[in-house]
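Here you get one chain, nothing else, as C-alpha cells; it is the form predicted on its own.
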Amino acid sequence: MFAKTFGRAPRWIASAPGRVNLIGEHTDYNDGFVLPMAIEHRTAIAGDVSGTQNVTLHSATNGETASFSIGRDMRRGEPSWANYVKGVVAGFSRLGASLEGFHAVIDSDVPLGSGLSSSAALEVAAATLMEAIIGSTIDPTEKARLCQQAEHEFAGVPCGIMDQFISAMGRKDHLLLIDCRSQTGELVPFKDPTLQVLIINTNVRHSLADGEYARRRAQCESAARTLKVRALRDATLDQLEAARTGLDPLIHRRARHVISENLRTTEAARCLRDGCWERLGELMYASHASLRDDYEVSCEELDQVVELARNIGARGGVLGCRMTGGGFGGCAVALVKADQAKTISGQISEGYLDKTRRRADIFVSRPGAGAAVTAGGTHSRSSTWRKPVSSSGKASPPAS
C-alpha cells in the first residue's frame, strides 16, 4: 500500500497493539490499580521521510488522506483520525526533537469503537515511528505520557494513562499491573499455554447522558472527602463501613466498588503469578457484579454475555468473565481453556444472538508484544538509532 501510494518502499514499519483490561475498572481516576494486557491485534504505520516539513498520512482503513505541516501552530483539524498523529508530532516538537516531514500509510486490525484502545495503538505506533525518524528513543514511560497528552489536546479525550502504557510497554506472555498514582508498571507473567483470553464484542454502545462519566468521578471525590483520604485508593472497606451513616447510599456503593476493585486487581496479579486460575475467575465474576450493581455501568447485553459464560462454567472451559472498559456496551473478557476456546466462542455467539437478536464479534488472544519498529524497505537507519525494548509478538498487519 505504501509503494502504491508514494511510489517507493517504506523505510520503517512501526506498530503498536490494542489492549484489553483483564480487571481493574474505574479505578484509574481514583489513583488505583489496573491490570491490562496488549492484544495480538495491532496498528501499523509504514513510513519514510518526505524531504520537507510536510506530513502526509494515508489511511488504508477508510481510504482518506490527510496532510499538515510541522510547526508551532499545529492544531486540531479534520479529518479527526489524523489528530492522533498530529498530537504525537507536536509532543516530539515540544521535547526539542529535530523533526522532518514524512509520508505514512496507516493500517490496523484493532477493532474500532469496541473499547480496545485503537486510538492509543495509533498514537504509540506514531511515536515509535517518530523515534525511528529522529534516530533516538525516549523513555517508554515518557512516550506513553506524550501519547496521552496528544489524546487530551488533539482528540479532546481526557483519557487515563493505562491504554498508552500497555501499548508502549506490553510484553509477550505478560500482563502489566499499573499503579495509576505513581504511573509505574510491573510485568506479571501469564505463560500457561493451556489458557487464552476470549474477547467478546457485544457490538452495542448505549448513548450516555452527557456528564455520566464526570458524575461518577464526582461521586468518588465526594466519598474520598468524607473518608478524609486523598483518593479512594487510600481507603479501606473498614473505613467505608465505619462512615456508612454519613454517606449517601449511592455514594457508598460507588466507593465500595472502587475500594473492592483495587483489592481484586492486586489479588488477581498474585493469582497470575501463582497460577491460581479458579480464584482469578472468581475475582473476574465479582468484578462484573460490582460494576453492574454498585457502579451501575454494565448493560443488558454485557450481563447476558457474562451469564452465558457462567453457565458454560469451568467444566466447559470458562474460568471467569466480566465486562471490560468504561461500560454501557463494548466488550466482555473471559479467561478460557485454550483447547475449548473455539467451542466456547460458538456457544456464546449462538446464545447471545438468541437472547439479544444481535451478533457478537469474538476472538481469542494471548498477551501480545508492545510497540516495535522494523526496517520496511531497502534503507537502514544509522547506528545512532536504538530499537525500543520489546518482545516479538504476532506479526503486524500488512501496511506496505
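It should be emphasised that the depicted structure is a prediction, and the values quoted were computed from it without experimental measurement. Residues carry their position along the shown sequence, with the first being 1.
Another form exists, predicted in complex with a small molecule; not displayed. Remarks below refer to it.
S.K.: To verify the annotation, which of these, 102, 92, 295, 84, has a non-hydrogen atom within 4.5 Å of the small molecule in the predicted bound form?
M.R.: Of the candidates 102, 92, 295, 84, 84 is the one lying within 4.5 Å of the small molecule in the predicted bound form.
S.K.: Name the single residue among 62, 374, 69, 65 that comes within 4.5 Å of the small molecule in the predicted bound form, judging by heavy atoms.
M.R.: It is 62 that has a heavy atom within 4.5 Å of the partner.
S.K.: Is residue 269 close enough to the small molecule in the predicted bound form to count, meaning some heavy atom within 4.5 Å?
M.R.: Residue 269 lies outside the contact set for the small molecule.
S.K.: Decide whether residue 112 counts as a contact residue for the small molecule in the predicted bound form under a heavy atom distance cut-off of 4.5 Å.
M.R.: So residue 112 counts as contacting the small molecule.
S.K.: Taking heavy atoms only, is residue 128 within 4.5 angstroms of the small molecule in the predicted bound form?
M.R.: No - in the predicted bound form, heavy atoms of residue 128 and the small molecule never come within 4.5 Å of each other.
S.K.: Taking the small molecule as it sits in the predicted bound form, is residue 301 near enough to touch it, meaning that at least one heavy atom pair lies within 4.5 angstroms?
M.R.: Flag for residue 301 set to no.
S.K.: Which one, 285-293, 131-139, 117-125, 222-230, holds residues whose non-hydrogen atoms are within 4.5 Å of the small molecule in the predicted bound form?
M.R.: It is 117-125 that comes within 4.5 Å of the partner.
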